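Okay, here we've got a single chain as C-alpha cells, the form predicted alone, with questions on binding and movement later.
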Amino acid sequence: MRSPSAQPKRSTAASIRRLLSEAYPERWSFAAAIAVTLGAMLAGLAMPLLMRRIIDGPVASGDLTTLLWLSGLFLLAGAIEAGMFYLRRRIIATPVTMLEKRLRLRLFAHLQRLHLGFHDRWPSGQLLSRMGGDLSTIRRWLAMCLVFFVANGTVVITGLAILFYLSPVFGLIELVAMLPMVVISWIFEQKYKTVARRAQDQEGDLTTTIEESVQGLRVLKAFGRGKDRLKIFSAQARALRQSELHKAKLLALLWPLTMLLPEIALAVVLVDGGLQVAAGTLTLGTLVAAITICTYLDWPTRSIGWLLAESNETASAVERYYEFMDTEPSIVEPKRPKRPARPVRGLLRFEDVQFQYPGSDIPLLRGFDLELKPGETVALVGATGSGKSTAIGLVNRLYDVTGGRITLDGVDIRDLGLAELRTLVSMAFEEAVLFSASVRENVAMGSDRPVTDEEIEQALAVAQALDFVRELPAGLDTQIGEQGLSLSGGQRQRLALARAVLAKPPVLVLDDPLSALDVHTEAEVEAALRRVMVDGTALIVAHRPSTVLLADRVALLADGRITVLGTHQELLHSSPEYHRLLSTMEDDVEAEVAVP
C-alpha cells in the first residue's frame, strides 16, 4: 500500500491534462457550458459601461427618454447574465455525470481484471474511497472549476482591457495588484497538493477500518475488542483531522491575501479617480464604471484560491484513480484464444509447475506434476501452508504459473479465453463468499447462461441445501444479506457448493468444501457429490479423511511438489508420511466433534 505521506508523482497541470483527455467525448458540451458562462459574465461586464453611459448622459443632461432605453438595456444585460448561468447548469449536468459513470464503470471493470495479488496488497477502503469520493471530486471540478477557470480568466483579461480603455492608470493599478497572486498561487499549489493527497489516503484507511469493523462485528463482540478497534479508529480519525486542519490553515492564509489585494486596488482606484474627478480630468460616470468593474473582478480574482485548492485536490484524485488504472493486469487474455476439442473430456495436467508469489524470494511450488484423467477425482492433501489452495487457484488462472504449464485436453490454459476457461472450470472455496442478493441469484452465478429454478433446486439438492432453503421466509427469493452472515457457516458453504456444481462443468475444483458441515450432513453431501462427479474431472483439497474417500486417487503435496500418488489404500500402507498426515486429520476431526 502506498504511504499516505508519499509525494505526488505528477504536477497538477499534468494530472488535469490527463483528466481532460477523458472528457474529450463531452468536449462540445463543456465548450457550450464555458461559452454561456462567459456570455453571462461578459453581460455582467457590460453593465458598468451602461452605467457610465447613463451617468454621463441622461443623468447629467436630464434626458429621460435616453434614460429609459438605457435602463432597459441594463435590465436586459442582468436578465441575460442570470439566464445564462441557469443554462450553464442545465448544459453541464448530464455530461459530467455521464463522465463520472464512465470512469466508475471502467475502474470497476479494471479491478475485476486485476490479479488477486493486487487485491491482497490494497485494503478495500482504498478501493472504495477511489470509487466513491475521488470520482465525486473529479465530477465537481469538471462541473464548476473547469468552466470557471476559462470563464474567469477571460473575464479578468477583458475587465483589465476595459479598465485600460477607461484609464490606463486604473488598468495598471489592478494589474499590479494581481501579479503577486501568481507567486502566492505557486507556493500554495506545492504545499496544498501534498496535504490533499495525504488526507485522501488517510480517508481510504479510515474507510477500511470502518468496513472491517462492521464486517467483523461478531468477532469484536465475542472477544470484547470493540474498544481496541475504537482506539485504532480514533487515531486514524485524529490523523485525518490534522490533515484537514492543515488544508484549512493553508486556505486561511490564501483567502485573506486574495481578498486584500483586490480591495487595495479598489481603494487606490477610488482615491486616484476621486482626485481626477475633482480636477475635472475624469467624468463621474467613468469613475463609477471603473469602480464597478473592479468590484465585478473581485470574485474572479479571489476565486483563484478556491480554484487552485479544488484543482490540487482533483489532481490528487486523478492520481489516485490512475494509480489503479495504470496497473497492468498480470492475468491477460490471449491474443488468439484457442478452443479445446468438443466435447471437453476434462484431461487436466500440471507439467513441472512453478509458482512464486510476487515479492517473495521463496517459490511455493517447484516441479509440481500431476495428471487428472477424464472423469477422475483426485484429492490433494498436504500439511498446512504446503500450497494446496495456491495450486488449485492456478487451474482457472486466479494466479498464473511462474514456470511450467497447466493444460486442459492438451491446450495450455493460458491460450484459452478467460471466460471460456472459467466456464469449463468451476470452483468452490473453503471460505464461502455470498453476496447481498437472493438465494437464487447467488446460486445462479455458477452458470454463464440463464438457468431455471429446477436446475437451481437440483444443484441445491446435491449440496444438501434444498430443505433449509425451502424453509427460508421467501425460499429462493430470500435475501440472505451481506456476506450471508444471517446463515450458518455450513449453510453458506452448501450454497457455495451448489453454485459450483450448478453448471455441471467438465472440471470441478473444490477447496475443502465440506469443512463447516457436521458429520451427518457431510456424509449426505459426499454421497451426492459422488453421483455428480461421475461424468466430470474433480480436484479436491482435503482436510478430512472422509473427504479423501471421495477420490479415486490421492496426491500428497510436500516441498512444493507431489511426493506420492496413489489410491487411499495404497498410500495408507506404503507412505509413512501420508499415514502421519491422515492421523493428524483424524485428530483434528475428533477435536472438532469434542467441542460442545
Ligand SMILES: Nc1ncnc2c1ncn2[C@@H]1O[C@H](COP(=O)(O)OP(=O)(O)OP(=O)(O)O)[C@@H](O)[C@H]1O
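Quick note: we count residues from 1 along the sequence shown, nothing fancier. Since this is a predicted model, take the numbers as computed values, not measurements.
The form predicted together with this ligand is left out here; the points below concern that form.
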Of these, 106-114, 132-140, 382-390, 285-293, which stretch puts a heavy atom within 4.5 angstroms of this ligand in the predicted bound form?
382-390
Partner-contacting position among Y357, W306, F118, F85 - heavy atom within 4.5 Å of this ligand in the predicted bound form:
Y357
Under a 4.5 angstroms heavy atom criterion, identify the one residue in L364, L251, L257, V411 near this ligand in the predicted bound form.
L364
Do R544 and this ligand come within 4.5 Å of each other in the predicted bound form, heavy atoms counted?
no
Counting only non-hydrogen atoms and a 4.5 angstroms cut-off, does D352 reach this ligand in the predicted bound form?
no
Close approach of E323 to this ligand in the predicted bound form, 4.5 Å, heavy atom:
no
Check whether E430 has any heavy atom within 4.5 Å of a heavy atom of this ligand in the predicted bound form, and answer yes or no.
yes
